[in-house]
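Just the one chain here, the form predicted on its own, laid out as structure tokens.
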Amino acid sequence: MTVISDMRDTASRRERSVDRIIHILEFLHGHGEGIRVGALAKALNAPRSSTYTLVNDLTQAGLLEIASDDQRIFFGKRMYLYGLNYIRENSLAKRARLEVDRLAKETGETSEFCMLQSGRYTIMYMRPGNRPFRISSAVGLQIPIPWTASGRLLLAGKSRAEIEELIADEDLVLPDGRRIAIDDFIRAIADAQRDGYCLTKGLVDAVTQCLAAPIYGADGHVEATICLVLPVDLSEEQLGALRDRLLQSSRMLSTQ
């Protein structure tokens, strides 16, 4: 019995260590910049000693690096290489990368491939357009779902209870302080599902609009989106042509 108990204790400690490592990596990704270990432990409400130990182990493994000037920690080169493997080897991500490049080249507009990750809209791959004033966002950037056209498509088919559980109250507040009513947001999700695409204007800023189309998985649910980030001053004719081209990309990525 003592041997079994010791084995269970060891497994439990390993599980806790894995959970703490995941918490560290998730925090660094969401934080978006380096942070000192002491501040990290405080932010995670974790013991400083065990946080130092885990950070040291992750640094030795090449998953994290420590800045020599101010001792802030950030993702290491190995993490970057792992991310490249996903883009290269995941079937949908690989095809979407090629289609995003093709779409940006053909239209001259910024094109993105997006998915949900940890309850946030996440830009998985992006290719900027060729306008003199470029509209672009950083790959890996996580944005509250209600701020995006893609978010409305990614939640298509979910119940009201599922949506309300996923969306934090602060996510409904736009950068300029405007608040999206949850009822309006849920109606917008239903509209996007019905239309098969979504167009939002002036949510994140006043000069851009986003046109998104769904990418369906084998189960018929929206697995990802492909979208165009556009200036708001396009004509209806221009917008219609871009929508048709985007839907073509959506269908191609959904059927292979």
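Since the structure is predicted, the reported quantities are computational estimates derived from the model, not experimental observations. So that there is no doubt, residue numbering starts at 1 and follows the sequence shown.
One more form of this protein, predicted in complex with a further copy of the same chain, exists but is not displayed; see below.
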(Q) If we define contact as a non-hydrogen atom of the residue within 4.5 angstroms of the partner, is residue 178 a contact of a further copy of the same chain in the predicted complex? (A) no
Q. Given that the partner is absent here, does residue 26 sit within 4.5 Å of a further copy of the same chain in the predicted complex, heavy atoms only?
A. yes
(Q) So, residue 220 and a further copy of the same chain: in the predicted complex, are they within 4.5 Å at any heavy atom pair? (A) no
Q. Is the gap between residue 43 and a further copy of the same chain in the predicted complex 4.5 Å or less for some heavy atom pair?
A. no
Q.
Partner absent here, but in the predicted complex, which of 159-167, 180-188, 145-153, 86-94 has residues with a heavy atom within 4.5 Å of a further copy of the same chain?
A. 86-94
Q) Counting only heavy atoms and a 4.5 Å cut-off, does a further copy of the same chain in the predicted complex sit next to every one of 196, 230 and 244? A) no
**Q.** Members of 48-63 lying within 4.5 angstroms of a further copy of the same chain, judged by heavy atom, in the predicted complex
**A.** 54, 57, 58, 61, 62, 63
